[in-house]
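As structure tokens, one chain now follows by itself in the form predicted on its own.
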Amino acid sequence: MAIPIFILCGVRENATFIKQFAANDEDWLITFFQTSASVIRHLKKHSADVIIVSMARGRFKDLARFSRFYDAMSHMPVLMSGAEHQRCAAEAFIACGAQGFGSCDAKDSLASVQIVRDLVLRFRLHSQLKSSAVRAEVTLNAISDGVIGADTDGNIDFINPAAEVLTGWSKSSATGQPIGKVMSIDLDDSLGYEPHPVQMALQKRSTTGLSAGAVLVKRDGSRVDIEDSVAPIIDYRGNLTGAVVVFHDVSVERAMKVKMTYLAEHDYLTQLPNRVLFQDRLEQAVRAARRHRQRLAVMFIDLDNFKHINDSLGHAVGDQLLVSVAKTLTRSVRASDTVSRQGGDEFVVLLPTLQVDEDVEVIARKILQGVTEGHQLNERTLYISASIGISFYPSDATNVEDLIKHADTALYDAKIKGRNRYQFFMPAMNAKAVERQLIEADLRSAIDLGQFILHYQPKVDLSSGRITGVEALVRWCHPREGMISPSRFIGIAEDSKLIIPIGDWVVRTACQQIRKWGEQGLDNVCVAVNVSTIELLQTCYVDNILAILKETGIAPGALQLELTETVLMSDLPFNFQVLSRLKAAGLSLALDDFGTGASSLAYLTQLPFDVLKIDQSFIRHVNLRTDNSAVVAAILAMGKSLQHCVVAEGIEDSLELGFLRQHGCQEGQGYLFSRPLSETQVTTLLLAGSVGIPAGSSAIDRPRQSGTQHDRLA
């Protein structure tokens, strides 16, 4: 690389000097100038590594003029050149800024060239160092992180603009101040005093950093969450010269982390602790109870019939109701208790440090009362109830999993016993829970394994005994337990939604049986099938029914669907549309267990039913009980006015039959006429066409029918 040299004045005077440059290996680029003004003009477009000023012939006698020339050199090195006797005169110029003197005598020319070479090297290194320093300072001033440098005493000797903003200290105010004063940090002192990280870096001569959660206290007293890194500054000799700390504002990140942690541990809708946080608190409570020999309780809470509200009024209303219930639960418990939403309409409550078990009953009653009082949502008031299962530590379980499981088991028992109540866990419930799990597991494969069969109970004309149709009743032939009563598995099938494929199988099998009877000469035998709430709420229910009718090729009127008032009222507007489609398709519709529901007669009169079935609870001893007889008489009169066929269920003696015939009941079914029969048995009866109508008024000694709707597919 060429080394440019400007020589001001005198080629002849510097001839020996110049000859030495040419003899050297370096690539010297020499330019001569006669006046200082020409040098200055040339420097506007070009640069030089050194300017040699000849002192021959007494040039630059005016030092003021030389000073002006030197100031215009942009701090490039200037070397005075002359005869040896001019060395003393050169000192005045050196005092004005010149970097040295080079003799142009022949005997000194080689040394003078070396002086030029050293001068060029020194200024190049200085320029590089200065450029690096400027670049470093520009970089540190440009970054968004705060940077503070301190000397070995911990006093500030550098602070960048970002650090000025973060600390609230200006550079002029901060320089020379102790680092702990300018960068005041609030550290977590739960483990004792912790020195400033810069002091630690100086003491240990190693990198360090702030404790987690450190806060910078600004000059005005405001606080900023920060993270930092501190390193000692050690020179090439291994000497400690100071320390530098780099830090930045993490307030947004830390707030986001807190928010994300909260969201991960709380239910988004109710803001209650979720399953994860509840599990952690329960584990801590169990450990504390074990350590202090205390008792605690877990409540598992489920809202009764919440799905009906959610499906009929919409999820937005359902969500509002859940929020209202959550507030009620929180108000009903102690400040030390934890209310958690597990998901859906399920809540769990942790009651730690119990003094007496009776405290739990007080809280349970308060919860039930609060939930049932009504919930004001916008312009409507919704009413709902809850069921509660309760387990205790350590009497019911000694670990978290069993405490929750046993509370859930007790909850299921509370629902079976009528809902809107609380139930304590009892060991016997485990056997029921295990049985339930086994039944559900076996139900999942029962259809594929062909374990279900249909029995049929005849419906008869009460005046003639003629068989008017049959009701299909599902039975489960279990490979280990034999014939399982519907009361044991229909409820489980509904809870697990297995009732949907089971109901589909029942309808298809009943329709296939109708076709088979038609092939045997029994035309259009009407078969009634019970429909559950879950089945009816399926959006594809009507399409599935019509597809089965088309598949089996039977007349729609040969299939009768029986629905209870409870099923209808689960979502009346939706169900009205479903019933209208079924009726328009030609199916027969029956309202089952009439009189036991809570529906409005105004609604029922608008629904397209063909048949009303009086619940068997009203038929039992109807001739002896005035309350039942009045209800039955009213139902019969209403059915006649609505032009509905009325069927009485559960007729078991001739006195009941006599009362019904006297009041104009058209049809009936019950043990008085026939029990549910197998396909072969009922086919024989259908071929006969009728059953005998008992004469006389004496009671017939026969076992009574079960009073639960789960004896059928309902």
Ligand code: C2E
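Nothing here was measured: the structure is a model prediction, and the numbers come from that model. In case it trips you up, residue 1 is the first one in the sequence shown, and so on.
Although not depicted, the form predicted in complex with the ligand is the subject of the following passage.
Contact with the ligand, judged by heavy atoms within 4.5 Å in the model of the complex, is confined among 232-240, 151-159, 289-297, 471-479 to 471-479. Residue-level contacts in the model of the complex: of 381, 284, 485, 170, one residue has a heavy atom within 4.5 Å of the ligand, and it is 485. Screening 530, 340, 81, 391 for any heavy atom within 4.5 Å of the ligand in the model of the complex leaves a single hit, 530. Although the partner is absent here, residue 28 is not a contact residue: none of its heavy atoms lies within 4.5 angstroms of the ligand in the model of the complex.
Not displayed here, the ligand is kept clear of residue 302 by more than 4.5 Å at the level of heavy atoms in the model of the complex. The closest heavy atom approach of residue 419 to the ligand in the model of the complex falls outside 4.5 Å. Taking the partner from the other structure, the ligand in the model of the complex has no heavy atom within 4.5 Å of any heavy atom of residue 49. Shown here without its partner, the chain carries 457, 499 and 506, all of which come within 4.5 Å of the ligand in the model of the complex through at least one heavy atom. Scanning 638-675 for heavy atoms within 4.5 Å of the ligand in the model of the complex gives 649, 650, 651, 652, 670, 671 in sequence order.
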